[in-house]
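Structure 1 and structure 2 below are the same protein chain in two forms, each given by itself as structure tokens.
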Structure 1
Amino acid sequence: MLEKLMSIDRRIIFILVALAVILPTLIPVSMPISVSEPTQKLYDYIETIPAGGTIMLVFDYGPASLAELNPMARAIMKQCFAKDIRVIGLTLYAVGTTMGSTLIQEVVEETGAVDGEDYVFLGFRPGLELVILGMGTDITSIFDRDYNGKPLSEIPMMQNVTNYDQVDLLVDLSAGSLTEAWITYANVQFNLQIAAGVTGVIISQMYPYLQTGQLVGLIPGIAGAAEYERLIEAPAKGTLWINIESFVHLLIIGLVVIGNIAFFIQRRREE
């Protein structure tokens, strides 16, 4: 029995994890969410941007990370549109193009934001740091048209935006190392203020930049997305999913505790 508890078949663990996800999805529960400091910092920073200001929202992620990063993007866009802050969407990751355009359309349908006045989606250009550096001098040298092919010179909200000097903040939503590229090239070389929203597995990678002030704020994983939804008072998928995640965490903790109890009993007996 003890042996069995110490080495539960991984397939049983997989079934338990599946149940821990499916059951709370069918019977949703609600738990109070406390806001962490990095999320609060980003929210506060955007709140200080005056109406008519501009932020860049970078969709540096693919479909695999949409569960964590889409709720963040949605919440940030809602906050910006409510405050009359303009949003320039773009991506350095080819697959991010469809992610960004689809999500923006969804938010636009909810908020009634106007293309070219409240937001513009520039799409994707290859070249990573070349794109970042190029936009620091002149955005039109990299993106002369938006995703729909309209020249930037004909887009009203881009009339006074030449480079990063006219951008109040860049929020990079990333599942990899692209946030570091934005910090290295846009923050260090052009002094552009940068914040990030990242997936759970790379949260700890971002903390050094948060402490040095190179990131003005950080949305950490789905927990951060739920916190942001609480801050803008619009609970959505982030809130639902963090509650589900609670059950999976409890299951893992339970498994670890069971394994350790069995381990201790066995060690006592051996002694």
Structure 2
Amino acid sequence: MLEKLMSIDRRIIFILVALAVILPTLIPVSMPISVSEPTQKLYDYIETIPAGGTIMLVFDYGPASLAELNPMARAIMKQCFAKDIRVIGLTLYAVGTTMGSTLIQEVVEETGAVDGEDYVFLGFRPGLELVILGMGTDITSIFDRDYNGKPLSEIPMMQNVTNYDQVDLLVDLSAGSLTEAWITYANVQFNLQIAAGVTGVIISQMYPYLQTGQLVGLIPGIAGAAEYERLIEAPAKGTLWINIESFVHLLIIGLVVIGNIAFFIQRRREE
């Protein structure tokens, strides 16, 4: 038995991993989810925004990161629409245009939000720092029309929104360093309150901004997405994917433990 464990066919491990992914998808098994402080802070901050308030939701990511960031965006939009908070969507990342426009339409179909009254999607403009700084003075100087080509002057929810002064919070969903650009140019220059949702690989570099108060909240990776879904009481893909990830991690830990036990027993017998 020990020899078999030490020389197990890798195809068996592949099958076990496949089962660990498939079974939680087919069988509704829910792992316990505890909400981290950074996620709770963002949720609480949005809860304090009064009805009729406005947030900017920035889709600074592409297809490679949608598994982690799409669930965050969906949960935030559902919370905002339920509280009658208006959402201005945009992106500083060219391929983020598709991410934002597609996801917004999916959430609109679920919630019944109205284009131009509950939300507007501005799309993409090149320039990064110039875009951020320009909107701080006058949004229409950068985005004179929405993604569908409609002038902002004809969009009801934008009538009284001219710059960051009328925006209660900006949430940047990012797979890279663009959150730091928003902090540098929007928070420092215009005192715009900023929160972020990021992929797992860049979570650590966001914590210093939490400590300085330059981020009012942070959704950390797919675990944070599942936490946010729990807070809004609407489990979706974030919860499903963290369950799958948890089962795979447990399988890997189990295999490592069994392998080490078998190794040490075999070595002792040889000695």
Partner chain sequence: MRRQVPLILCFVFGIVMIFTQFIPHSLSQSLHQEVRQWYLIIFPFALVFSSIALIRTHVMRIRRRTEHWRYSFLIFIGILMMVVIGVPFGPQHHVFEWLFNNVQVPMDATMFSLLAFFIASAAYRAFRARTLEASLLLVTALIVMLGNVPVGDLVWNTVFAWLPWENATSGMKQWILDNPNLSARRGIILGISLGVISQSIRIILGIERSYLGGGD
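For residue numbers, the reference is structure 1: its sequence is counted from 1. Whichever C-alpha set is largest while still superposing within 1.5 Å between the two forms counts as the rigid core. Please read these numbers as outputs of a predicted model, since none were measured by experiment.
Between the two displayed forms of this chain, it is structure 2 that matches the form predicted on its own. In the two-body rigid motion between structures 1 and 2, the C-alpha atoms of Thr25 and Leu92 are best fitted by different superpositions. The angle of turn of the smaller rigid part against the larger, between structures 1 and 2 and from C-alpha superpositions, comes to 22 degrees. Structural comparison between structures 1 and 2 after rigid-core fitting shows the C-alpha of Phe264 displaced 7.3 Å. Shown is the Cα shift of Arg11 between structures 1 and 2 after rigid core superposition, which amounts to 8.6 Å.
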